[in-house]
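A single chain, nothing else alongside it, follows as structure tokens in the form predicted on its own.
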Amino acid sequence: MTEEAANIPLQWVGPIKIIGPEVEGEIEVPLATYEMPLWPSTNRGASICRKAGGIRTVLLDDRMTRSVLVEAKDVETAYNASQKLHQRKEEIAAAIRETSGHVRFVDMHHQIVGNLLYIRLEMTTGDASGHNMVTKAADHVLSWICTKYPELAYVSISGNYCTDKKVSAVNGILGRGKSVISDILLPRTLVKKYLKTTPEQIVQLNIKKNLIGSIIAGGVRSANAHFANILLGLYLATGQDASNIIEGSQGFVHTEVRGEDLYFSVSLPNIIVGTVGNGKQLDFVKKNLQKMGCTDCESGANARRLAIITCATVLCGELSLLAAQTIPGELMSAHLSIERPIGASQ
């Protein structure tokens, strides 16, 4: 097996002006992508948001999860065990702390299907995204459970109730990763001058495309135009596990016309990022994280800062794309002018 490096074009966009309780300032953001229109589009969103005073961004929740799966002989045994486990949360928290100095128990939930007992463990993991940390902790808890409750038998260290890198409703409801919301009020004059559209057109497109379109498509807790594009670009540039864009891209755009102006917001309940761990040892990743100020905060705050920057960047990209899609032909002309190979005849 040989190791090679894949070169992905990367450009910095912004600066993006962020205001909020944890992050304040103008921050440039790296996006690694083959979809080159993403850079000027996100940059356009960042520019108008700076002119409007900045993007308010708040991190609501922070937790990583792993669900273990055990089985009993029947449903009554599984149910009784589940009730006893909830009464021993302090012991479970202590068992989790034994596995790492950075992991802390937050909560647990369960589901029973027949004789199967799914236990969803939730933890904070400091500056790490936490996949391995919670798996190690869950493995230790699983051994503790099977020892304390011999009527339960091991099935799997991961029962898919986590839910890891799959589309689900549970992550948005109970939380997995960092839940972040960004919003901004954009004056009509700026919308017309820099986005070439109106607040009413953007609000109507969000309703008809993001909301109704996602419903008829059968979307799961998702109503947005292209969260995944910005997430992937930022994840690749900062050494993240890029497959986390699956649950990360499940989120919502909410818009309103307020007087003459446009209220625009993005809600991302499952941003999974870290500033330490595998991938972060690469030189270009270190430089990118350092330039964004995501290496100098106190423990745990670096990853939170990165999640906040990520959400604000998503807002910039989403705003610009929706504006473009209110104008016939603009989206395709941008792709043709930026991505069309030189000398192409078709």
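Don't overthink the numbering: it's just position in the shown sequence, from 1. Not measured: the values here are computed from a predicted model.
Same protein, other form: the form predicted in complex with a further copy of the same chain, not shown, and the subject of what follows.
If you check a further copy of the same chain in the model of the complex, you find a heavy atom from every one of Glu76, Ser156 and Pro328 within 4.5 Å. For Ser299, no non-hydrogen atom is located within 4.5 Å of a further copy of the same chain in the model of the complex, even though that partner is not displayed. At a distance threshold of 4.5 angstroms between non-hydrogen atoms, Gly277 is in contact with a further copy of the same chain in the model of the complex.
Taking the partner from elsewhere, Met292 is found to have every heavy atom lying beyond 4.5 Å of a further copy of the same chain in the model of the complex. Within this chain, Thr124 is remote from the site of a further copy of the same chain in the model of the complex, having no heavy atom within 4.5 Å. Residues Arg56, Val58, Leu59, Leu60, Leu69, Glu71, Ala72, Lys73, Asp74, Val75, Glu76, Tyr79 are the ones in 44 to 83 with at least one heavy atom within 4.5 Å of a further copy of the same chain in the model of the complex, listed in sequence order.
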